[in-house]
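One chain is shown next in structure tokens, namely the form predicted on its own.
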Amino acid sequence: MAAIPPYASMPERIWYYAFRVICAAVFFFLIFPLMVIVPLSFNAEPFFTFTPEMLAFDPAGYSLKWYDDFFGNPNWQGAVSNSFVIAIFSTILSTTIGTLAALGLSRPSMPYRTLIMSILISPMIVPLIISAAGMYFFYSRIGIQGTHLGVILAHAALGTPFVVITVTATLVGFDNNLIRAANSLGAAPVRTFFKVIVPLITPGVISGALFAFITSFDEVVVVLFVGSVDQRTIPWQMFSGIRENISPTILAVATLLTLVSMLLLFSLELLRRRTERLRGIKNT
């Protein structure tokens, strides 16, 4: 961020420093709760508070036993397996549907574009408890409530809006002259799609897929309605642990999930910069 110019007035100087204080306060408000979880996950005692040994930085106050409990507990490992299986398949499904929908909505001749877009992003707007209840009654009637298929379809419905939005944003700067040039050179529509369109929208597709994956991996309300004990995911296991058996293992899991989220956000940033380079945009 540029330094304050020497000719700035007193109100401008006050706002210059006040703006930084506000940004620091917002950053602290968002990050501090996450930072507290990390040291507490190494607590040697089964408490959710800092012990005197931890505050004194006594090695006896720290332990890895909650991480050992996570990696050695079959309930937690079953939840991890379910989370990844459901998230991966729902991401593939939502990415495919969302990408095709975004490509269709990007065409000027597409009828009822606004209405269709509103329907596609409605899972982001409608309260999640309403969507979960509706899915429960619908899936119960068709016999897929309490199955992996039902949870995958439900999470795919929640992740599709993120794919539609990200791919649509990528297509805003898409040069349709490239498609006309490919057609004029004799390329078939399928070849044009895979050789011209797909490489240019890949960053947006991957970004949408990552958002869909995170949405499925962190979701707990819908899986409580649609799933059963066989589809118990990590958020469900954490929710049950808070209600039934409070253990700092939850903090260890939260720390690991925070690390995974940070890695995914880092990947999104790399994709954003790659997209800017493909479009010829230079970072200032």
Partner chain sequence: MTATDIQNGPTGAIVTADGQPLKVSLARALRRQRLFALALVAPLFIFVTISFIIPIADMLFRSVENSIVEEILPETVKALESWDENSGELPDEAVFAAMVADLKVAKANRTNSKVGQRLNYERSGMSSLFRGSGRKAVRIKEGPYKEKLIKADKDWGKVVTWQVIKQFSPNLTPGYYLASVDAMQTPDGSIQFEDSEKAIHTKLFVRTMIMSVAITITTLLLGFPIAYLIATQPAKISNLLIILVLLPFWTSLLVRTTSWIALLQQKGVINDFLVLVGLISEDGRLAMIHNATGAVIAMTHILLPFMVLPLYSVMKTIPPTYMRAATSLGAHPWPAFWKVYFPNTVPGIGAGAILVFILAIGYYITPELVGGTSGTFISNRIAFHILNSLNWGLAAALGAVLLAIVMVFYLLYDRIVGIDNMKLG
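Numbering follows the first chain given and starts at 1. Basically, rigid core = biggest C-alpha set you can superpose within 1.5 Å across the two forms. Owing to the predicted nature of the structure, the values given are computational and were not obtained by experimental measurement.
The discussion below concerns the form predicted together with the partner chain, not included here.
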44, 80 and 147: each with a heavy atom within 4.5 Å of the partner chain in the predicted complex? no
Contact residue in the predicted complex, chosen from 171, 196, 105, 205 - any heavy atom within 4.5 Å of the partner chain: 105
Report whether the minimum heavy atom distance between residue 130 and the partner chain in the predicted complex is within 4.5 Å. yes
Indicate whether residue 89 is a 4.5 Å heavy atom neighbour of the partner chain in the predicted complex. no
Answer for residue 125 alone: is it within 4.5 Å of the partner chain in the predicted complex, judged on heavy atom distances? yes
Contact flag, residue 111 vs the partner chain in the predicted complex, heavy atom cut 4.5 Å: yes
Any CA movement of 2 Å or more for residue 12 between the shown form and the other one, core superposed? yes
Using the rigid core as the reference frame, would you say residue 260 shifts its C-alpha by 2 Å or more between the shown form and the other one? no
Is residue 34 one of the residues whose C-alpha moves 2 Å or more between the shown form and the other one after the core fit? no
